[in-house]
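Shown here is one chain on its own, the form predicted alone, set out as structure tokens.
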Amino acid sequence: MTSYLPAEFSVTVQTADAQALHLAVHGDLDYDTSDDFAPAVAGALDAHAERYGPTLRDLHLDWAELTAFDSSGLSALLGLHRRTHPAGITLHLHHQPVYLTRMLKVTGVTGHLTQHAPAADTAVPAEANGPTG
């Protein structure tokens, strides 16, 4: 009898420039690892912001090395969208396995996750500048 050894989960930076960050997701993104996804991606986003400032517009996620994905992984991915979209960062999904594509399609979130994010509003509201004349 062979035992199942889950692939080790990790998120690695493939490439980065001021406007785009490419991350690769490796291993299982499921109930056991979904709590690791947000901090891993947040660390990469924070490192990018520290290096380039708030210039990131496109976050590319490469799923070629993904080995499993469940509803906890989907929840983690939706949580990432909740962080990035209001910041003006558009998600791009690449090389997703059939089971990931199927889950996104069945749940109807593909378009939601990858919709273009408008630039974050960086204008300061007039009332924040104090009373005017």
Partner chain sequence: MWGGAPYPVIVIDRAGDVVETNDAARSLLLDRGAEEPTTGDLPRWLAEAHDRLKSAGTPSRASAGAAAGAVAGRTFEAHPSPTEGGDVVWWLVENTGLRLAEEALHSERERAALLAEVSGELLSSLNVDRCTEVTARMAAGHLADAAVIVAPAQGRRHALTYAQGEGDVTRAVLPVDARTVPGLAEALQGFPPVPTRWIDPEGLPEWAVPPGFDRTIGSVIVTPLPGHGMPAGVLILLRSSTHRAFTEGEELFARLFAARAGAALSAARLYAEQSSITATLLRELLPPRLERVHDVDYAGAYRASQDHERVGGDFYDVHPGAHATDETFVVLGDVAGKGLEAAVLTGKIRSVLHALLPLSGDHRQVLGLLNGALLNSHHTRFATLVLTSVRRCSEQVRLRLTSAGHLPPLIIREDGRVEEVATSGTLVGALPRIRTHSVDVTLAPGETCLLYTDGITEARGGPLGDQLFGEARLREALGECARMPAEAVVERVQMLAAQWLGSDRHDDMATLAITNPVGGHDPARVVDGYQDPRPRGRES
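Positions refer to the first chain, counted from 1. Keep in mind it's a predicted model, so treat the numbers as computed, not measured.
Only in words, not in the display: the form predicted in complex with its partner chain, which the text now covers.
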Exercise for the section: Let me know the one among L78, A64, A87, A38 whose heavy atoms come within 4.5 Å of its partner chain in the predicted complex, would you? Expected result: L78
Exercise for the section: Quick one: find which of 39 to 47, 55 to 63, 104 to 112, 89 to 97 has residues within 4.5 Å of its partner chain in the predicted complex by heavy atom distance. Expected result: 104 to 112
Exercise for the section: Give a yes/no on whether R51 approaches its partner chain to within 4.5 Å in the predicted complex, heavy atoms considered. Expected result: no
Problem - Any residue of 29 to 43 that, in the predicted complex, places a heavy atom within 4.5 Å of its partner chain - result: Y31, D32
